[in-house]
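Here we start with a single chain on its own, the form predicted on its own, put down as structure tokens.
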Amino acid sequence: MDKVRWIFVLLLLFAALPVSAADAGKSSDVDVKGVIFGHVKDAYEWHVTTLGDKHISVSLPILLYSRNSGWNIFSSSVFHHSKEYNGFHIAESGVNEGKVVEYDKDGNEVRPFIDLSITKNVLAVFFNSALLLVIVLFTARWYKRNKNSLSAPRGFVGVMEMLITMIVDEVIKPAVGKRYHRYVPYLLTAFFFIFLSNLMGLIPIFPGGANVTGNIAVTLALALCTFVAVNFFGNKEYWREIFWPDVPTWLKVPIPLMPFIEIFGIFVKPFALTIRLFANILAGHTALLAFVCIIFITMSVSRAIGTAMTAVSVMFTIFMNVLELLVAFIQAFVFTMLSAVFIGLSQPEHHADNTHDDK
């Protein structure tokens, strides 16, 4: 019972922390849009907590190349003292909202030619990657020390072995086929990186809480890795099925209808991987924050209604947190499974030579 009680307390803490103390203190005019987008969008600083009226944040380095002033390196903290620094400022609205911009000759806000700034999500990717490396090395160290032992690993190493065995035996081997061993390192890396990033995104305490896999740039980069694995390492039979598939000839010449559809499908697959992961994780974070905001919205209307809705909101938030733990695993599993399936489709067996096109 003590363990259950502590789990319940931690879930309550997770439910309350996504909205800062400053937001709670201003329940009469809660900016729901600002609260939600402030947590799910990327930023040039990482907000840690709020003590009274003081915001504690980690300022991140900004690295830009402008056609007007060349390379510029400075800390995002400069915008705390002045809205503009060296001709740069953070856009407050428009398509570049929240991004560092400058004015062109016509007075329009434009992005610098190159922006290599370390943003919140970039720092979170570095941290999650380093944490994953530590986890993998820790697991490998156990096997190195116990390579002559017949005992099965327990605890954390046992969980890692279970996950690795499940992904390799139940997903990668059946989907990829005979040459599965070539793709095991990438697919396992993708699975554990996504799973770990999803879990870290549910922890509202620094260095958790970053919306890494809910950022379309991150999911696009992961999908492009699968795109490269599929199309750059596909065999000749794979490309033959794309440019000269086994369909009636009139579907291939004189109008290459089926080759066009197959080529279109090459780019649809990474697009589907990108949107599926991005949309599911972003929707989960948004729903959690929306449930928390309900507390302060209803409290500003009536204390009685607010009290009742607080209990409802907390219960729904706890439920969503538990559900998001499941979603964190499912989305990593689905991305890995689909990537393995796409890779397997790029390694088809050679067809028999006596196949004929139907006229």
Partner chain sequence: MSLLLPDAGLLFWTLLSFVVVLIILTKFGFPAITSMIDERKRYIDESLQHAREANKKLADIEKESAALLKAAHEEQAAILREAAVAREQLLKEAREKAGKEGEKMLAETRRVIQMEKEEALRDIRRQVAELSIAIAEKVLSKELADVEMQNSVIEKLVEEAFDEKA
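In this text the structure is predicted, and so the values were computed from the model without any measurement. Numbering follows the first chain given and starts at 1.
Beyond the structure shown, there is the form predicted in complex with the partner chain, which is absent from this document and is the topic of what follows.
Enquirer: Identify, from the list 103, 233, 267, 143, the residue with a heavy atom within 4.5 Å of the partner chain in the model of the complex.
Expert: Only one option qualifies, and that one is 143.
Enquirer: If the cut-off is 4.5 angstroms on heavy atoms, which of these, 139, 280, 77, 72, is the one near the partner chain in the model of the complex?
Expert: Filtering the options by heavy-atom distance leaves 139.
Enquirer: Would you confirm whether the three residues 150, 193 and 221 all fall within 4.5 Å of the partner chain in the model of the complex, going by non-hydrogen atoms?
Expert: Yes, all three are in contact.
Enquirer: Just one stretch in 255 to 263, 80 to 88, 125 to 133, 240 to 248 has heavy atoms within 4.5 Å of the partner chain in the model of the complex, so which one is it?
Expert: So the stretch in question is 125 to 133.
Enquirer: Is residue 41 one of the residues lying within 4.5 Å of the partner chain in the model of the complex, judged by heavy atom distances?
Expert: Heavy-atom contact with the partner chain at 4.5 Å: present for residue 41.
Enquirer: I'd like to know if residue 115 sits close to the partner chain in the model of the complex, meaning any non-hydrogen atom pair within 4.5 angstroms.
Expert: It does: once the partner chain is placed as it appears in the model of the complex, residue 115 has a heavy atom within 4.5 Å of it.
Enquirer: Might residue 181 be said to contact the partner chain in the model of the complex, defining contact as any heavy atom within 4.5 Å?
Expert: Yes, contact at 4.5 Å.
Enquirer: Taking heavy atoms and a 4.5 Å cut-off, does residue 165 contact the partner chain in the model of the complex?
Expert: Yes, contact at 4.5 Å.
Enquirer: Taking the partner chain as it sits in the model of the complex, which residues of 63 to 95 have a non-hydrogen atom within 4.5 Å of it? Please list them.
Expert: Read in sequence order, the residues that approach the partner chain (within 4.5 Å, in the model of the complex) are 63, 95.
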